[in-house]
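First, one chain by itself: the form predicted on its own, in structure tokens.
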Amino acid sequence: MYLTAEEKDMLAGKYGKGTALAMKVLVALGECFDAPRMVPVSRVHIASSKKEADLWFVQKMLDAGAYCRVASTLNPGYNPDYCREHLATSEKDIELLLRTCEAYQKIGAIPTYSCTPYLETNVPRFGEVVAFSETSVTVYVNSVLGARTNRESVQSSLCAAITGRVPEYGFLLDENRKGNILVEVQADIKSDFDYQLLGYCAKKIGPGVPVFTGLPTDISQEALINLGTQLNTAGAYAMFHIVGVTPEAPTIEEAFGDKGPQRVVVITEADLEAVLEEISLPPGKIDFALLGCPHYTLNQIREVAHMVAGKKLAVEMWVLTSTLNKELAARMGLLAMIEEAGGHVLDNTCIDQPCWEYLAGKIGVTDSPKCAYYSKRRGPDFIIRDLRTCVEAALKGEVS
């Protein structure tokens, strides 16, 4: 693997033990994928888990004198003040969270604690090489923004932030970004929620880079987030194309390059109905509503607020979002609408955290298959429906 003089100096320890260790990790990763060289990165997002192994790795780098050359944003953990007071979160878990957050801040990361950095604080331009980890982030950045990243891990993205480099392979290369599966959508796609179900058809689509046809051209930002998130959750996709919508697929010919599709997959209304039946509990009583996986946009918060304004929720409802969007919601009066109805808008918080363990054995409603998938390991189960049905259910206490 070719290294520049500066990269050799990093590996040799000229820039400190921490940088040398980070470069050693990246060189090994590059060798695994036959990368010919390193390339600079300008942005990083780290999907930090806030668990013991995560703390161990960042602390090891910190103790070795590492510091981020490229400031990186961070995935959410949970809001310790809120969770200590309202969700009976253990002090042991909170202490681990605080120690991990402190270590990342000391190493130079930006404590955004949101899983949608591409919406506000860490937005790469078309063609920019970055190192992003997290389910919704990698696929959105590649597909919708046209920047370039592989599906980085917590560790490789931190090493990229420390060195400012990543090995050049995978989705950084032109040839790997071309589509190889033609997905003809024959279902009637009307709502943002339909894109959740379309993404969860990953099992039928199969591995590769799907190119979707038959979709509207006026697709909302939320729908694009939904599609990519569920594709990555259900099938580990790093990229998709929608002809006439995403930047590297203005035409079907450009989406596939000179190769053409290896196979053609047809998605029908029956496929979407089958997916929903497979992943969701049947209608019935609910104990809570959990929304915002990935973190809700301001548009989604607005829709929830206007639905509950002047009403009272029958069950607990949490809307997870970024700190910025919560602040904007407060300025716009949306936060007050939701809180007066008995709901909670919670920032810095992910559904896959120990603060939700007290929901074990309960039944919730969510609009996110990813939320249901990750939360089930902690005990609750879910009815999965569109946003409006979820809010209506929270007001009534059941999905009818």
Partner chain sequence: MSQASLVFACRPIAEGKAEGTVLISKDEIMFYLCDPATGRITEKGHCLEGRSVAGKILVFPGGKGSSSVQVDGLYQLLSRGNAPKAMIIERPDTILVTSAIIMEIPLVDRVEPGFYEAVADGDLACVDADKGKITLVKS
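Keep in mind the model is a prediction, meaning the values are calculated, not measured. Numbering follows the first chain given and starts at 1.
The discussion below concerns the form predicted together with its partner chain, not included here.
Participant: Where does its partner chain sit in the model of the complex: which of 299-307, 145-153, 314-322, 211-219, heavy atoms within 4.5 Å?
Facilitator: Result for this chain: 145-153.
Participant: Heavy atom within 4.5 Å of its partner chain in the model of the complex: which of Ala234, Val129, Leu276, Ile181?
Facilitator: Among Ala234, Val129, Leu276, Ile181, a heavy atom within 4.5 Å of its partner chain in the model of the complex occurs only for Ala234.
Participant: Among Cys68, Leu29, Leu335, Ala341, which has at least one heavy atom within 4.5 Å of its partner chain in the model of the complex?
Facilitator: Comparing distances to its partner chain in the model of the complex, the residue within 4.5 Å is Leu29.
Participant: So in the model of the complex, is its partner chain close enough to Arg378 to count as touching (4.5 Å, heavy atoms)?
Facilitator: It does: once its partner chain is placed as it appears in the model of the complex, Arg378 has a heavy atom within 4.5 Å of it.
Participant: Test of understanding: in the model of the complex, would Tyr169 fall inside 4.5 Å of its partner chain by heavy atoms?
Facilitator: Answer yes; at least one heavy atom of Tyr169 falls within 4.5 Å of its partner chain in the model of the complex.
Participant: Although the partner isn't part of this model, could you tell me whether Ala47 comes within 4.5 Å of its partner chain in the model of the complex, counting any heavy atom of the residue?
Facilitator: Flag for Ala47 set to yes.
Participant: Given that the partner is absent here, does Pro207 sit within 4.5 Å of its partner chain in the model of the complex, heavy atoms only?
Facilitator: Because a heavy atom of Pro207 falls inside 4.5 Å of its partner chain in the model of the complex, the answer is yes.
Participant: Quick one: which residues from 33-48 get a non-hydrogen atom within 4.5 Å of its partner chain in the model of the complex?
Facilitator: Contacting residues: Phe33, Asp34, Ala47.
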